[in-house]
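Presented as structure tokens, the chain that follows is alone, the form predicted on its own.
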């Protein structure tokens, strides 16, 4: 049974950056109600009413994973690790984006699945790419084309985006070799609660997984979770290792330890989520009041990173261009546009991080180390960052 525990209000699509803020554009802007619920049976946390994926993953999808140095390094590292551990002959990635992960493998041995046609057009030049949504139909199509029996299926920050988990896992079971491995990376629910990072919830994150929920879900589809790793990526993620029920891999002691820690934190109890909801409401008030107080002192406040996370924060906290002067972002196809819902101008950090800025909200707080290293001069002249994770505060490095 699903029980709603958090209401983040009226939200736009996190990826729907606006070219202009004319009347026609604003009239057609899409919004939905972002409510988060907890399943008391399998312990899964999800959006109460997911948005249709066809509205989200279009040929205008803005995110480019390879534009982050942190992510390029992370994907290169995990590719090497998976090659060494599993020696896969045939590899497939679901949600391949611009190919940042698959570029680390032999091009002839990989298959990319990417529904956003603008991204798929980039990887089609490099390796076999299917610009389709992952489901059982596509799995059967690949089997028919004799591209089945995959030894390693990898998916980072994508499985949590797919509303129909039944189709997802049935497709995986059908195409995975008997001793193949399905590896998922997604934000950690435990870290979300510990960090109070409610901005991990937005339209694309239909689910935020815990180890105990993944362990319960995959059993229904002839699969088994046999290992898990805790990662620092995206403010705290988990890497789940899944095989067929009778696969050769034994459940690791690490998996047992992580499940034990989640149980001790009571991730299987609705009470934990209701308490989290209270903390989120407090965070909203404190962040809004801090920005308001600084603006009364005529401080110039910008946001660093036009992220999907900041879309949730800005709309939930009712920010606008009077509170946040503009947003800086290194992604070229976001520059010159406006933030979803709140309509704040996005510009390049090259021009935006100038001497007039007093405070910068960490919209990309999960890349804090990379940002702080890059913005040493901002600190030197007295600039400060604002964050809401794990609590609302200003940072002077």
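What you see is a predicted model, and the numbers here were worked out from it, not measured in a lab. Positions refer to the first chain, counted from 1.
The protein also exists as the form predicted together with a small molecule; that form is not presented, and the subsequent description refers to it.
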Query raised in the report: Can you check whether residue 48 is within 4.5 Å of the small molecule in the predicted complex, heavy atom basis?
Result: no
Query raised in the report: Is there any non-hydrogen atom of residue 357 lying within 4.5 Å of the small molecule in the predicted complex?
Result: no
Requested in this report: Report yes if any heavy atom of residue 306 sits within 4.5 Å of a heavy atom of the small molecule in the predicted complex; otherwise report no.
Outcome: yes
Query raised in the report: Do residue 57 and the small molecule come within 4.5 Å of each other in the predicted complex, heavy atoms counted?
Result: no
Requested in this report: Sort through 49-57, 35-43, 365-373, 337-345 and report the only stretch with a non-hydrogen atom within 4.5 Å of the small molecule in the predicted complex.
Outcome: 365-373
Query raised in the report: Of the residues 209, 75, 202, 240, which one places a heavy atom within 4.5 Å of the small molecule in the predicted complex?
Result: 202
Report summary line: From 90, 244, 128, 234: within 4.5 Å of the small molecule in the predicted complex by heavy atoms is 234
